[in-house]
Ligand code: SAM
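Listed next as structure tokens is one chain, alone, in the form predicted on its own.
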């Protein structure tokens, strides 16, 4: 277990987590895609390079990794990448669109994946197709069920909120609850392909009006509402990154782009630090640690 104290940035925020984009490639074309705020990549890290960077991260107090993309399951060596995460991190998770997940959910669990976030913005076929560009909602439903069965707990389902979509969102929430997963309503951010802001206030108010309790997560101070549904207490998490100083004040992440740039924040590309080029050129561990520290010190709360 990692007992190293995490490094704090200039604002006193400890960096305990790393979010790694393993590829830009994706088999969907979602209208709100932010691609983790990443600029177009000219190269892609190899699995052994990701493993080395995770080893260095573990030595400076980072203990959690989330693998993202693009779509991480486009990588044929994704199981090797998950195993690398398991070697050095206490918590290994993944964000995926779910279209390729069902056949490999159990293999991912066996490789060391703890939990998964699956994007499904609508349970309705035509609305899903309009949002993602593909008719693959049934695959995603199967992926959610397979992930629950594999024990990738908690299985969270990411639902990007659009202002006119509460009825559809609630149908999607009902499906997610029915298969014992947890819905997570997400406010879209206006980076990458998405240039629009979608107000989430009314959607959260309606969720809150149904709730019998609310608790707050340490990460980003996210609210989780408890709702009585079908005789049971069910939960809905709300993720509100936009114009939210509390969200940024409680961020504990550093990011790594698919082409090996340490990235302080999803919202901008200031303070990027190239770690892949020095790694490929034979940098020492101390030099790689110094690059991590530089990137961490480049962090600042985007919303203040």
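The shown structure was predicted, so the numbers you read here are calculated from the model rather than taken from an experiment. Residue numbers count along the first chain shown, from 1.
Just so it is clear, the following notes concern the form predicted together with the named molecule, a form of the same protein that is not shown.
- Note on the interface: of 268 to 276, 56 to 64, 26 to 34, 39 to 47, the segment with non-hydrogen atoms within 4.5 angstroms of the named molecule in the predicted complex is 26 to 34.
- In the predicted complex, at least one heavy atom of residue 70 sits within 4.5 Å of the named molecule.
- Although the partner is absent from this view, residue 19 contacts the named molecule in the predicted complex, with a non-hydrogen atom inside 4.5 angstroms.
- With a 4.5 Å cutoff on heavy atoms, residue 158 counts as touching the named molecule in the predicted complex.
- Although the partner is absent here, residue 188 is a contact residue: one of its heavy atoms lies within 4.5 angstroms of the named molecule in the predicted complex.
- Contact annotation for 86 to 102: residues with any non-hydrogen atom within 4.5 angstroms of the named molecule in the predicted complex are 95, 96, 97, listed in sequence order.
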